[in-house]
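Just the one chain here, laid out as structure tokens, in the form predicted on its own.
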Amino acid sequence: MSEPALALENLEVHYAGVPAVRGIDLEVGEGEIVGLVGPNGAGKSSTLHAVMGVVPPAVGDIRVRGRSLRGFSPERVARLGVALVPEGRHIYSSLTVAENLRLGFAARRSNDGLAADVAWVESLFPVVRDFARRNAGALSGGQQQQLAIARALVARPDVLLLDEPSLGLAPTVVETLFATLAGIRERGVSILLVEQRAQMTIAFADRTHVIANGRLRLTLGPGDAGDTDKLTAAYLS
């Protein structure tokens, strides 16, 4: 049996000795989209930061295709095929769209197929092509989010971590974004999706974990998207 694209095993993250993530176990299989939802401060972003090597795990392990990432720098994690689109996008406003996109090249394991990958992200997000010479700071919030995801994808990751990609976006833009994520998954990219739109995420993802107070409280499938009582109980647990 093949190893999952990403596996967290008894993961704990502490800040100044205070637990933010407590004993999380989850897996993202090849080509899967797995959601992670929960209230503010539940430990969602801390989980992604631990995977990316931004914060070290206090306990437990993080594996990509069976290889442990413990002690790895974010740069080394990226070179192993993991890309993070952080909350707030972190676009460089004074650089052009094309310059922002090129920053993603640094994390590639090989330049083979680079032109094809750029063409693919341009087909997913035409803003990358149409506004290549425009300063990224002049883009709308939705366009900046597209650029942030495109920048991550040109690194050709096996695992894509998304932290609140719909934050601040109009509903119609959010629908387009989720449809695009489905297209990214079809290319074999595995996605761990942290989102504020819980019901939409549950309906969309292969499965969604609810995290509260640093612990996984519940795992839901698309058929559970309408069960607001179950979701509310997990949020308040």
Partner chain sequence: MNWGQAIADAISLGALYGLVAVGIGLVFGVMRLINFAYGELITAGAYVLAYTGGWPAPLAILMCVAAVVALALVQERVAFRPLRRMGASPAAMLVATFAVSFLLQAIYLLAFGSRGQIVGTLGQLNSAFTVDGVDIRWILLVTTVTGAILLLATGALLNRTTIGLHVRAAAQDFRTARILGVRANRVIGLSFVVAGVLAAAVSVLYTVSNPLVQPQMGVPITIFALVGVVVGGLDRLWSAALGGFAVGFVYGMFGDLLSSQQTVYLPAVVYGSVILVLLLRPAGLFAPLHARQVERV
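All values reported here derive from a predicted model rather than from experimental measurement. Numbering follows the first chain given and starts at 1.
Just so it is clear, the following notes concern the form predicted together with the partner chain, a form of the same protein that is not shown.
Just one of 84, 127, 139, 121 comes within 4.5 Å of the partner chain in the model of the complex, counting any heavy atom, and that one is 84. In the model of the complex, none of the heavy atoms of residue 134 sits within 4.5 Å of a heavy atom of the partner chain.
Proximity of residue 159 to the partner chain in the model of the complex falls outside the 4.5 Å heavy atom cutoff. Although the partner is absent here, residue 62 lies well away from the partner chain in the model of the complex, with no heavy atom inside 4.5 Å. When contacts are judged by a 4.5 Å heavy atom cut-off, residue 49 counts as touching the partner chain in the model of the complex. In sequence order, 84, 90, 92, 93, 94, 95, 99, 102 are the residues of 83-102 having a heavy atom within 4.5 Å of the partner chain in the model of the complex; the partner itself is omitted from this view.
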